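Shown next as structure tokens: one chain only, the form predicted alone.
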Amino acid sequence: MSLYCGTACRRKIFWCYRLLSTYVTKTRYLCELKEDDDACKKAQQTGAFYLFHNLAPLLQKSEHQYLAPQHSLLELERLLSKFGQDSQILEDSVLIGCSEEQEAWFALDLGLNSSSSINASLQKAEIETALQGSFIKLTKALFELNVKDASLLSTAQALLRWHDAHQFCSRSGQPTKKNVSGSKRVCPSNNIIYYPQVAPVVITLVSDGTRCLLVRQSSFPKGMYSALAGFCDIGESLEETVRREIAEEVGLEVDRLHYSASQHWPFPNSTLMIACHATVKPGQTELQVNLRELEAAAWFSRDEVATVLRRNNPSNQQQSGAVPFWLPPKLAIAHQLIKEWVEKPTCSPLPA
């Protein structure tokens, strides 16, 4: 009996380990690489690199989407040697993730000159020819990438941009030095540590129960409407930001508030999009649009929004006059927020 119980317990522990090990192992491995420079250098030897040039990722076109090719350390060293460049530029790479098999993934920008590199930036056209790809702005390519590549390249661009903008200490004015993984920068003169940061942004879909409020900014593509969004101010809670933004931009007062989800967003810099649903009282829906913030705002019925969501390519159809407006692409959390409202008219409220 004791032998049976021992075997059963071992089997239970084994299956629990299998269920938990992949995520936990990956997380702890990445944590080790971020904190241990020697371990990170070792991981680079067998890792894979995504390449950028002035923050634009190297991509290859495949049918109706872009693919992000990976390159080994050996391939990069050969490329640098071909163009007469020193491999010291590899020190500017940043860790962006790893596979389930613990193959570390890095990103490297060949067009930015950093304080730690003696290399001049490599010419864009020469690299594109050598690697049979094109450096394409992420704003253009993001919605034509698969989910994995979109997430990795967004993380990579945000980290590369942050390091490019924080090469000097704000206290001493002296050059800062990144660790191998790129998880931090340190000022050697005073040991101040700088960590990459994100700016919190609330994005809120306002509803009166039967309609939702969609808005346009002048920077949006022609015909696109989305949910209200705004940066959190210092000292504000999430709930206070939502209420303030809605009052400022469309002159409405929030009655109830529900949290939905969040998403990292690389534009214009690294932001954390915090998606919420907000409702206003049916008798208090008259809009007072702040034209300094918005180009337009309007109420739309559930049927109107559902019709636009069903369009395969609403932007093209809008341009041809087939639909009056279109919505953000599926990868954007604004799309998910709007879809959630259409499919789930009532949401369970969280404390507000």
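All residue numbers are counted from 1 along the displayed sequence. Because the structure is a prediction, the values reported are computed rather than measured.
This protein has a second form, the form predicted in complex with a small molecule, left out of what is shown; the following refers to that one.
Heavy atoms of Phe267 reach within 4.5 Å of the small molecule in the predicted bound form, making it an interface residue. Contact check for Ser237: no non-hydrogen atom falls within 4.5 Å of the small molecule in the predicted bound form. Contact check for Gly230: a non-hydrogen atom falls within 4.5 Å of the small molecule in the predicted bound form. Contact check for Ala125: no non-hydrogen atom falls within 4.5 Å of the small molecule in the predicted bound form.
Segments offered: 176-184, 193-201, 160-168, 85-93. Contacting the small molecule in the predicted bound form at heavy atom distances within 4.5 Å is 193-201. In summary, among the residues Leu131, Met273, Leu73, Leu257, the only one with a non-hydrogen atom within 4.5 Å of the small molecule in the predicted bound form is Met273. Taking a 4.5 Å heavy atom cutoff to the small molecule in the predicted bound form, the contact residue among Ser172, Gln217, Ser99, Thr210 is Gln217.
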